[in-house]
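Starting off, we have a lone chain in the form predicted alone, written out as structure tokens.
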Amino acid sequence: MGKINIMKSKFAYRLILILAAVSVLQVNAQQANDEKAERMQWFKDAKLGIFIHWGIYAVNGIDESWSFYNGYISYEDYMKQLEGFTADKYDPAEWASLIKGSGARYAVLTSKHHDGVALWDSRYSDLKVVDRTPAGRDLIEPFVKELRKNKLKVGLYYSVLDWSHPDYPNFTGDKKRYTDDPERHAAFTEFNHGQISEISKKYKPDLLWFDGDWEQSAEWWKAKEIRQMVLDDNSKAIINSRLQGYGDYETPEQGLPVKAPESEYWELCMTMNDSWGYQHNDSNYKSPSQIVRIFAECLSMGGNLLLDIGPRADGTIPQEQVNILKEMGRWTSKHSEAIYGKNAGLPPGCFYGPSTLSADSTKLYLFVNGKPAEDQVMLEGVKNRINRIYVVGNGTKLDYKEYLRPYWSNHSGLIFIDVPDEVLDDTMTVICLILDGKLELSF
């Protein structure tokens, strides 16, 4: 009996230790989730950001970095563009004002693309606009100052791969410098981490937008160390997903998700035409209405839109892009209450269009594209009674009727809302439903 009691005691002791360890892990996990939620809150609320691809590729108006990698142009001819990158009409204050006016809450500038040309005065390389181009100065610092002056969050893009660096293994699509060389790998890592540390310490970006991680593994990049280095410099910094699993949010590119990504935090990055950087021969611009419709779909799924512009080599922004940003600004300003700080809207089948929901779930916003058939839109699946329906931006009260909901029934009815011509927005109309409590669905 004594041995049995001792065994029981040991088992109980081990069980207590296991339960205590599990409890600690659960507490730590909850603390990590709470910390991330706090760090990500501004990003979740921001909804619209502006991406800026600016580099020497704007001189000839060709694909950024990929031109020489894919063999469309020789590396030597690509680098000749350094001579034409003047930035002589670059006005950071004008850029920041235009971005703020668009309704964006943050901007992301390419500090260095895959070609390795740095837009700042890096001490780790002489391949930089300060030394090798007529621009002759740090182009990031004044822009960062103007963004902060306008109370916009600062994002910097950085390519972890560098096809120009002599110690990086890949050069072009069909040429490699080496496949396995620990010394050269170590030299490149020192350079790469050094540049990341420079921009992290010098500019203290709110968001670091990494790219190029697909060419190597997390271990090769030392991605865990990169993340820790960034957070050591700024514990509130946000990192995108392109760091081999060490990022904070997903970044679908040039493809609107059919359904929301699994991550709570995500951002669609998209060009206005077909090119990331300035290309004089690319006139295939999306219309402002099309961009707003795509933006509304992102909002409806709880995501952000990072909309790209490509300035010319002299620093001016093409008028087509300016026009789009200004129309975005008109539309976002008018409909701001349905955009910023709002959550994902209704699931599919309730309303044939995008929607958002207020943080307390008592206001439902429906985005109406164009003129609805018979001047009505239909809503189904919502069990709540409705206190009021109005047009966002002008407050006009709208009439509605509910069908297929007898007084004795607890299921939802079909709601038909009158949306007459005179309340329609030229780009996209938004209407708000004030519910009698938190949103309740019948499924």
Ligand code: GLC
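Don't overthink the numbering: it's just position in the shown sequence, from 1. It should be emphasised that the depicted structure is a prediction, and the values quoted were computed from it without experimental measurement.
Omitted here: the form predicted together with the named molecule. The next part is about that form.
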Check your understanding: Where, among 373 to 381, 390 to 398, 46 to 54, 413 to 421, do residues come within 4.5 Å of the named molecule in the predicted complex by heavy atom distance?
Key -> 46 to 54
Check your understanding: Tell me, which of Asp162, Asp211, Asp248, Glu146 has a heavy atom within 4.5 angstroms of the named molecule in the predicted complex?
Key -> Asp211
Revision key, fill the gap. If we test each of Lys342, His335, Arg227, Arg242 for a heavy atom within 4.5 Å of the named molecule in the predicted complex, the one that passes is Arg242
Check your understanding: According to a 4.5 angstroms non-hydrogen atom cut-off, is Tyr78 in contact with the named molecule in the predicted complex?
Key -> no
Check your understanding: So in the predicted complex, does any heavy atom of Met272 sit within 4.5 Å of the named molecule?
Key -> no
Check your understanding: Can Phe295 be called a contact residue for the named molecule in the predicted complex at 4.5 Å between heavy atoms?
Key -> no
Review point. Would Trp42 count as a contact of the named molecule in the predicted complex, using a 4.5 angstroms cut-off between non-hydrogen atoms?
Key: no
Review point. Going through 91 to 117 from first to last, which residues have a non-hydrogen atom within 4.5 Å of the named molecule in the predicted complex?
Key: His113, His114
